[in-house]
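The form predicted on its own is given below as one chain in structure tokens.
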Amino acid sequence: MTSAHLTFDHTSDKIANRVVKMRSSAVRDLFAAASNPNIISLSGGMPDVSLLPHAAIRKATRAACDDERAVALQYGSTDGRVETKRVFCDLMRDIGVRAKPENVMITTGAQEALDLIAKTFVNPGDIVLAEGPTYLGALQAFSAYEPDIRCIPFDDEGMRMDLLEEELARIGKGNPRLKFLYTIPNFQNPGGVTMVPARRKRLIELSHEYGFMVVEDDPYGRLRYEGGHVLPLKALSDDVVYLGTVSKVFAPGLRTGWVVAPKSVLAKINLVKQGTDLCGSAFNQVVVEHYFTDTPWQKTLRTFVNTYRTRRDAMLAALDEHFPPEASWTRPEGGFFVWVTLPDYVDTGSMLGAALEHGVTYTPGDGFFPDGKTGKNCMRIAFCYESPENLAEAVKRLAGVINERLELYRAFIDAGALPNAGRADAASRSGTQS
């Protein structure tokens, strides 16, 4: 008889406290399940790269390879190629922001920028403000540096400035612990809502009054399906730190993003980036340059917008048809996501297993809050990747799972097994989670 071989983790007592406290991304955890051909995924915000003009991409890639100096294969400066910066300055001008190359830094996607900003400015216990719910990748990036993240609820017009003012009054003016406010004002992830101009103006006023930095993350700004363009926060104040990316308008696999900020801010971030990766991929930057200068990328962008609009409409129509009256949801004017709120007694995390059995995935809502507890009755569903037919079928399947939960709850109520206080007042729901 042989004994089982036991393997011990000899590093478990050496892991840093900040890593012990970190949570895995709910979206990343669902990637394996989403790859199952029998499952329709509403969980990941993946662009549909099949819509890209592959001939144009080959042309841009070949141009990067054909340079006799092989600059695309060499180390580069930490802050990125000036030629790529000029391309991003041109892109920014299109949306109302005037930037100079010296105010731009190239990053390995906007995700690296989030980590660099937190690493540069946040000490343990420092205060970071954000929408609640907010992008789970930002929560992951920030949490490594152990801040006190405080969430400000939103409604259909974006972050509620009245609640922000209340929180700022509690923090106090000139409080050195208050480092920055992070926001996704356009088609927010996960909420899908857009901050209206009046609230943008007020946010800038409050940042000056209370002395905090505003970090504006704008991955979806060009993916508008209805309504008019709204000026970025960066267009309202040079002090705003703006994050951009090519992931949603070109190719996420190139992992190329940028930061626009005052020189003093970039200088500090540059020091941190040197220790992180020395420099970004020069090859990827050259490919980006050629794509946005040598190809009709605006035509491809229109294809993206038209396709995603059709998919959004299909999802919203299916929600209207199949979801129960106890549910509410946002109606995004652009971007990738819809935020769904269910009665308080529904736990979307525990419901996920049943949804997988029915062939559909989504992202539970609690992962979008720093405490991992708020938002348990909510979910994010994405309409960007699947076909309209698949989206309609996925929503129908998901509605079936939700209705099973609601019927089970009603059965307990009718049997007197649960107190009446547990009943959800569906009429009072606004469609957003505070």
Ligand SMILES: Cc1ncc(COP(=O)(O)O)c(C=O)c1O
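Numbers follow the displayed sequence, beginning with 1. In this text the structure is predicted, and so the values were computed from the model without any measurement.
There is also a form predicted together with the ligand; it is not shown, and the following applies to it.
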Non-hydrogen atom contact A110 with the ligand in the model of the complex at 4.5 angstroms
yes
Would P219 sit within 4.5 Å of the ligand in the model of the complex, counting heavy atoms only?
yes
Does the ligand come within 4.5 Å of any heavy atom of F250 in the model of the complex?
no
Is it the case that L114, even though its partner is missing from this view, gets within 4.5 Å of the ligand in the model of the complex, heavy atoms only?
yes
Name the stretch, out of 320 to 328, 183 to 191, 270 to 278, 77 to 85, where some heavy atom lies within 4.5 Å of the ligand in the model of the complex.
183 to 191
The ligand is absent from this chain, but in the model of the complex, do Y135, T245 and R255 each have a non-hydrogen atom within 4.5 Å of it?
yes
